[in-house]
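One chain comes next, on its own, written out as structure tokens in the form predicted on its own.
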Amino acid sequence: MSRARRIAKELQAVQDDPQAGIDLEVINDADISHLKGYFDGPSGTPYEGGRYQVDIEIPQDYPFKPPKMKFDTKVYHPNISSQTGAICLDILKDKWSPVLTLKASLISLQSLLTTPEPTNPQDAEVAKHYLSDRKGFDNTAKYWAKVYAGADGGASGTAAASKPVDVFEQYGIDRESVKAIENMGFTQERIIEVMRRTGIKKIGPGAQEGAEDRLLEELLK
């Protein structure tokens, strides 16, 4: 079976099974090698209620080589890069088999959200957070699901991310402290994530002794 026929068959199989909650979309009808995949965050996890988008590139020798997948939706997870969306999952690497499908791969990604593997991380810092402070990790993952994946009525994408005042009020983080660190070249998103993880609310006068040094140390890791 040719690659084009195989992909077309897989697309049809996804359309024929709406109960699976998996969607596939061809970006350009003239090029079926580039797709977007979608699935819902699994119930009972910090990702519940979100809708996740995955970029899919099909190699020329598919299905004998795995598809290249990465998350377009930002996800806070040990096995997914919080910066690039790159994924650490064995079936997308050395455990791939031609009998696997795009649908099966997306279902495996959905399962990965349920059962992280922090001892084999894609994002070492997130894995460290998961292992050292599970409650704090869950809170951050839920917040990202709301901001980036539309969970709990949140608006996914840049519209929600462009309202930092909500973050400051919700987590009691000092706005001026964040601005001061931003001026050193760090992004607001990164600063807030580290401040939430470490429990630092502000730096400078009135802050805990050594708070600024500890914050900068964590940001530079």
Partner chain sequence: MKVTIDKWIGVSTWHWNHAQDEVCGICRVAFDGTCPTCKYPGDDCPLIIGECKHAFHMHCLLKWLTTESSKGLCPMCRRRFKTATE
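The shown structure was predicted, so the numbers you read here are calculated from the model rather than taken from an experiment. Positions refer to the first chain, counted from 1.
Unshown form predicted in complex with its partner chain; subsequent notes refer to it.
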query	finding
Location of its partner chain contact in the model of the complex, chosen stretch of 89 to 97, 138 to 146, 70 to 78, 113 to 121 [non-hydrogen atom, 4.5 Å]	89 to 97
Triplet Ser132, Arg197 and Arg214 all within 4.5 Å of its partner chain in the model of the complex via a heavy atom	no
Its partner chain: the contacting residue among His34, Arg175, Arg190, Lys65 in the model of the complex [heavy atom, 4.5 Å]	Lys65
Contact test in the model of the complex: Lys221 vs its partner chain, heavy atoms, 4.5 Å	no
Partner contact for Thr101 in the model of the complex: its partner chain, 4.5 angstroms, heavy atom	yes
